[in-house]
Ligand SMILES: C[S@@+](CC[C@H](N)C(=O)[O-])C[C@H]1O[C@@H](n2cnc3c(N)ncnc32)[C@H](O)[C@@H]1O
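Taking the form predicted alone, here's one chain by itself in structure tokens.
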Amino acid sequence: MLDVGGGNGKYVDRFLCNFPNANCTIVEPEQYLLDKNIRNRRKTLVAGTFQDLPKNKTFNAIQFNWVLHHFISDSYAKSCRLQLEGLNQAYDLLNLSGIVMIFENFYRGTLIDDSASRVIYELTASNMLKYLTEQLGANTAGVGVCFHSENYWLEQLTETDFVDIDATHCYHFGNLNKLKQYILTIGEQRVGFIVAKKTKD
């Protein structure tokens, strides 16, 4: 399994404990997080970004644990394109029977399904509004974050040619008051888990 943005490796450690025949690779751009990993002969650590990962190895599974919303560029359109390119790269790195697994925060808009995505991105990416968004609790103020609705991710996976796509609702989250939800056009916030296959059985 490849864990994208696997950080300190705690998720992979649990995975390896439950699957004694598994081997995992963590790709993580922050060296200080990689340094926190417990060493394991079945765990490979790669310093760098997912986009720079060598293309000469394939995986049975690729995991995105709350990282796709951090695939950010200097505009909303470019960020969406970068996320789609990430899914295409995952598709190419998977074995024929491989799966992609995605944990994400899903934001459904009030009137338009994915409307909150654009609003949240523009507010968090703005340097002019950085102080304000920091005060409102955005830890990506001045950088940007690109969440989406569940339907958006399902459409992107379909466009990437993944099949047998299955989405599972995990739990609702968020403590935004009604005014903030209105400003951000958020109709619903929840965590979901998506699994998709590269090819049909």
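Residue positions are given as counts along the sequence shown, with the first one as 1. All values derive from a computational prediction rather than experimental measurement.
Below, we refer to the form predicted in complex with the ligand, which is not included among the displayed structures.
Engineer: With the ligand left out here, work out from 24-32, 54-62, 163-171, 150-158 which stretch has heavy atoms within 4.5 Å of it in the predicted complex.
Structural biologist: Every other range fails; the passing one is 24-32.
Engineer: Going by a heavy atom distance of 4.5 Å, is Leu45 a contact of the ligand in the predicted complex?
Structural biologist: It does not: once the ligand is placed as it appears in the predicted complex, Leu45 has no heavy atom within 4.5 Å of it.
Engineer: Could you tell me if Cys146 has a non-hydrogen atom within 4.5 Å of the ligand in the predicted complex?
Structural biologist: Close contact is absent here: in the predicted complex, Cys146 is far from the ligand, nothing within 4.5 Å, heavy atoms only.
Engineer: Any chance Ile194 has a heavy atom within 4.5 Å of the ligand in the predicted complex?
Structural biologist: Ile194: no, not in contact with the ligand in the predicted complex.
Engineer: Although the ligand is absent from this view, report whether Val4 comes within 4.5 Å of it in the predicted complex, heavy atoms only.
Structural biologist: Val4: contacts the ligand in the predicted complex.
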